[in-house]
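One chain is shown next in structure tokens, namely the form predicted alone.
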Amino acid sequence: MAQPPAKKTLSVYLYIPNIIGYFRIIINFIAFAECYTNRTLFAILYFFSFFCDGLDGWFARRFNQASTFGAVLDMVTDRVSTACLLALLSQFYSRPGLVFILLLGLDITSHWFQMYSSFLSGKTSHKDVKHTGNGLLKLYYGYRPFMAFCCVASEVLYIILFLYADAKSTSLLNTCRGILKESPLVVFMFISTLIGWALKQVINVIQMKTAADACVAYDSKRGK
């Protein structure tokens, strides 16, 4: 008796959220290629790529196409995009440009620790923080609107600083003072993003410490 043909399965590489991830990479390449000649275009493309970061998660849940590859692709794209923008800002603001390099290091270190500690714990996602004792970290990963606010605020703040960077002044403080003299709407947006950015940095520090503790606990158990 003839066997029914085996059902073809779609390659993980061709999952809709992963295709969106490839598209984001292309957009970012174009954005950074234009960052010195057309700041407005850069800002639009960069933010659109960031917006697509939310779309791929929705498509992954909608079509049941969540994957380990997709999670890694998503995080790497996020971290590299933010790192490139922070490196760019460190060139525009030499006083103090080091702050952007420190933020870059914190962002990468925090997420790398979190990913690796999740792997050691046998979790399928670095966003699984149910067993952590920190309420702010649980709120960040457990309540999507709060997470979205912190992430969007951080990226929009960096875009604002990029757009307002002035070749005549490399002082970050002077630029911030200039922004505060703009229209009430711009000032409101700037302060709102500053609050979200500050929360994101606090969460990054907490995440790094919590993940480091998990790695140490793993080593302690293995050594017994």
Partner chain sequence: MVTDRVSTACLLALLSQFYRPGLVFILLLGLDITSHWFQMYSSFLSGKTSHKDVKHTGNGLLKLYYGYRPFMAFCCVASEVLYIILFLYADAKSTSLLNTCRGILKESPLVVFMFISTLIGWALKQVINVIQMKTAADACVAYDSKRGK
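If you're wondering where the values come from, they're calculated on a predicted model, not measured in any experiment. Residue numbers count along the first chain shown, from 1.
Note that the form predicted together with its partner chain isn't included here; everything after this is about it.
- Only one of Phe59, Phe48, Phe190, Phe32 comes within 4.5 Å of its partner chain in the predicted bound form through a heavy atom, and that residue is Phe32.
- Contact with its partner chain in the predicted bound form, judged by any heavy atom within 4.5 Å, is made by just one of Thr68, Thr40, Ser183, Thr37: Thr68.
- Proximity to its partner chain in the predicted bound form holds for none of Phe23, Phe149 and Ser171, with the criterion being a heavy atom within 4.5 Å.
- Taking the partner from the other structure, its partner chain in the predicted bound form has no heavy atom within 4.5 Å of any heavy atom of Asn134.
- Within 4.5 Å of any heavy atom of its partner chain in the predicted bound form lies no heavy atom of Leu139.
- None of the heavy atoms of Ala153 is located within 4.5 Å of its partner chain in the predicted bound form.
- At a distance threshold of 4.5 angstroms between non-hydrogen atoms, Phe119 is in contact with its partner chain in the predicted bound form.
- With contact defined as any non-hydrogen atom lying within 4.5 angstroms of its partner chain in the predicted bound form, the contacting residues in 101-115 are Ile101, Leu104, Gly105, Ile108, Thr109, His111, Trp112, Phe113, Met115, given in sequence order.
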